[in-house]
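The chain below stands alone and is given as structure tokens, in the form predicted alone.
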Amino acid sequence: MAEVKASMAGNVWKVMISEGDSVDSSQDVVILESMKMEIPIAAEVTGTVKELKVKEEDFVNEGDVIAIIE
């Protein structure tokens, strides 16, 4: 099981996955918006999305868990 974490603080601009989806390592999971920049956050492992912890327009801090992949 792996956690996808935010690399910086920002607003969740777009969610690219849903619970139950299969993802590949390096596949974008969400796109954060911070200081008018779009920052893609990618999965680091291949697996299935067990839990999605954010929704669009949520605010996340650096290190917050975005999704759990197993």
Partner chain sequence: MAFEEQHQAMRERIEKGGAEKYHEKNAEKGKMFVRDRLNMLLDDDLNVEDAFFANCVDESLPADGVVTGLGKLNGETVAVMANDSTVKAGSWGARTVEKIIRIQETAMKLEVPMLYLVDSAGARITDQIEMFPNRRGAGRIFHNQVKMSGRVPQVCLLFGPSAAGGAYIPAFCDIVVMVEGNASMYLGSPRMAEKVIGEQVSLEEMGGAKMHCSVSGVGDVLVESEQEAIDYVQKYLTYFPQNFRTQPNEHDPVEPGQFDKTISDLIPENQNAPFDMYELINRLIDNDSFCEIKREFAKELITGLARIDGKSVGIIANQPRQKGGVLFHDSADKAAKFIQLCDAFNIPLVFLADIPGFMIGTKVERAGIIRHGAKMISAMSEVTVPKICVVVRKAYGAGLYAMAGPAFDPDVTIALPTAQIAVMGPEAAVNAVYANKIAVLPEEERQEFIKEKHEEYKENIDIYRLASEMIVDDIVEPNNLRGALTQRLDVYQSKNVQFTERKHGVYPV
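The structure displayed is predicted, hence computed values, not measured ones. Positions refer to the first chain, counted from 1.
This next part talks about the form predicted together with the partner chain, which is not shown.
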{"query": "Among the candidates D24, E51, E62, E56, the residue which, in the predicted complex, approaches the partner chain to within 4.5 Å (heavy atoms)", "finding": "E62"}
{"query": "Partner proximity in the predicted complex: M37 to the partner chain, non-hydrogen atom cutoff 4.5 Å", "finding": "yes"}
{"query": "M1 within 4.5 Å of the partner chain in the predicted complex, heavy atoms", "finding": "no"}
